[in-house]
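First, one chain by itself in structure tokens, the form predicted alone.
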């Protein structure tokens, strides 16, 4: 394959043609910057928290967010990384080492919070106890742990935005998962900016990699030479998301552009979904136990803490 721009050796073929290493890196970085600008994901006054794990998506968004700030002369002291160590043996400790080295190299402050210190148990011990009477998977517990810790500590550090590494594949999966489960109340809360609107207690989450496929992100990290352990979470194949991921990958293989089509259709409907959600959504409460924002009197995280304390 030859690059369509310079006739050099191509490293990837996209819908609009093949690109060599330099032209792909330029294309990828410009796409991320355009996404940030188009959806106004970053303001000059923002203090930015990067939800980082040490995986390919989080290191990519961490690197490019800092590059974006430098490009637009936004002070980089407004940026820090926050890592949630869920407590998954033989997995998370390896990615944290990569993350620590990356943050040290790029002079980015890093804070690591463990599920052990916040909930009294690592995920490996917590999920069997919490889910002993249900058929819920480890991902259900992990999701609550991560969202709670990210929001709580990002807010404590004064962050006005939490940047996540969700890519186009992640978003397409989430859209289909909500559709299959008839989660109509969550339908308007996806997109490049999570949530219906800014709400007290919640630090708004944004997704600069929203238009980037997982394949593109992986290739970018390889071409940039980032030190990354590409192994997946040992629990990932147990969850509902994995089934949807396999399904969409199969569709993409046979019908190229399927994932892009899902995203484009969703973005076209998003204004109506947000309007509907605003009309039907109950006001956010504060958890009576921890005072974190919640849609019920006791938040899911505190309910899990109670089970673990027994």
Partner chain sequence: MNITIFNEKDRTTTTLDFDKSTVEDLLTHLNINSETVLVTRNNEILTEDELLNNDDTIEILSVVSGG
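Numbering follows the first chain given and starts at 1. Only a predicted model underlies this, so the values are computations on that prediction, with no experimental measurement involved.
Here the subject shifts to the form predicted in complex with the partner chain, a form of this protein not shown in this document.
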| property | result |
| --- | --- |
| Contact test, all of 61, 189 and 211, partner the partner chain in the predicted bound form, heavy atom 4.5 Å | no |
| Contact test in the predicted bound form: residue 46 vs the partner chain, heavy atoms, 4.5 Å | no |
| Residue contact check: residue 218 to the partner chain in the predicted bound form, 4.5 Å heavy atom | yes |
| Exercise: residue 250 in contact with the partner chain in the predicted bound form, heavy atom 4.5 Å | yes |
| Contact label in the predicted bound form: residue 179 to the partner chain, heavy atom within 4.5 Å | no |
| Heavy atom contact within 4.5 Å of the partner chain in the predicted bound form, the stretch among 269 to 277, 63 to 71, 242 to 250, 30 to 38 | 242 to 250 |
| Interface residues of 213 to 232 toward the partner chain, as seen in the predicted bound form [heavy atoms, 4.5 Å] | 214, 215, 218, 219, 222, 223, 229, 230, 231, 232 |
